[in-house]
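In the block that follows, a single chain appears as structure tokens, in the form predicted alone.
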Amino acid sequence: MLLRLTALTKRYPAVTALDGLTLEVPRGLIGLVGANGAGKSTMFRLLLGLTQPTEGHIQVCGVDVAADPIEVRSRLGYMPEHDCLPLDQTAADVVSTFGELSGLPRRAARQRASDILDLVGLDEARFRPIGGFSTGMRQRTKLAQALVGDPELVLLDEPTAGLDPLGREEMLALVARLGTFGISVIMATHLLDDVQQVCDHVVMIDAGRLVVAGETASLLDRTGAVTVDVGRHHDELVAGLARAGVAAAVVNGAVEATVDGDLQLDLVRDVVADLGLPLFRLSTRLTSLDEVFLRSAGGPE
């Protein structure tokens, strides 16, 4: 088990940042989702043993954080959200320094830094001062320093913050790739699309309380909406479905029908065949994580 929280609570004088969280999270790519102020950064500080819970217990990678925070931190990598890199240093110097801090000999740390910077796409830029880096390059450098110590688990705090669409996609591809190396990830973000794209498990919190947790795929239920693309024959299909008792309408150049179960889905297919229409696409729509969050948090649907 990657993470086990038992009645985890963290109170500050003016606010309760986390309120009675109890859950178990398996190894893999985990999305920690919540709006700004939901308690994500507090959660990371607790996992790292940098602050103590008011109540409750935490185990990370099988280690009790309160009993041995140093052992926990030796197994973790951490990519902070805020700017934290020395701008007058090169990426190679910064990442190799973190490698030495993790216990690697100097030469091994330099080699490891070179390998990791190549992994994150900074091989050619590794000897340039960080002050000349773009936002995306600085984010990659922060990811590299989190990985250089060969951690079991990497904590990523808003890794796509400030990135343009291309940079965001490239960062998410890097995060997804970590799973192929056997590294678990907890990615804190308020962007549900990022989680839906790369994470196989999601934990949603709101105002310090657990909203929902589970496998991403299991949370994305089928909505009952079916999209049917029959080219320019959409009006003919809508009329045919109406005669068969299936509600449908033209949406963005395709037919969107509302079905209740597999029998009606088969009926849609049969109507297309009976009318002799070309079928370019027939797909069911899934809920988004936005819809899951709103439904589970009791917000408007």
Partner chain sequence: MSAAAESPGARRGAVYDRSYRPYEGPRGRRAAATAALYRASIRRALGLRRSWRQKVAPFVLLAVVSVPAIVNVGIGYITRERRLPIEIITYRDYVGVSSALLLFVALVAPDVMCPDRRQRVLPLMFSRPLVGTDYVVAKVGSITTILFAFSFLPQVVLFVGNMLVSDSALDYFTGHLDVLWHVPASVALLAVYYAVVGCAVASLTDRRIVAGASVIGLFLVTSIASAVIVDNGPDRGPSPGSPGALVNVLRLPLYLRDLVFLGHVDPASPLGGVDRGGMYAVGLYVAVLGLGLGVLWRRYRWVER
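None of these values were measured; they are calculated from a predicted model. Positions refer to the first chain, counted from 1.
Quick note: we don't show the form predicted together with its partner chain, though the next part is all about it.
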Q. Do all of R168, A213 and T216 end up near its partner chain in the predicted bound form, with near meaning a heavy atom within 4.5 Å?
A. no
**Q.** Partner-proximal stretch of 186-194, 168-176, 147-155, 199-207 relative to its partner chain in the predicted bound form, 4.5 angstroms, heavy atom
**A.** 147-155
Q: Check whether V272 has any heavy atom within 4.5 Å of a heavy atom of its partner chain in the predicted bound form, and answer yes or no.
A: no
Q) Looking in the predicted bound form, any heavy atom of I116 within 4.5 Å of its partner chain? A) yes
Q | Residue contact check: Q111 to its partner chain in the predicted bound form, 4.5 Å heavy atom | A | yes
Q: Decide whether G162 counts as a contact residue for its partner chain in the predicted bound form under a heavy atom distance cut-off of 4.5 Å.
A: no
Q: Have a look at L50, V250, A66, A247 for me and say which one sits with a heavy atom within 4.5 Å of its partner chain in the predicted bound form.
A: L50
Q: Scan 57-72 and write down, in order along the chain, each residue with a heavy atom lying within 4.5 Å of its partner chain in the predicted bound form.
A: D68, I70, E71
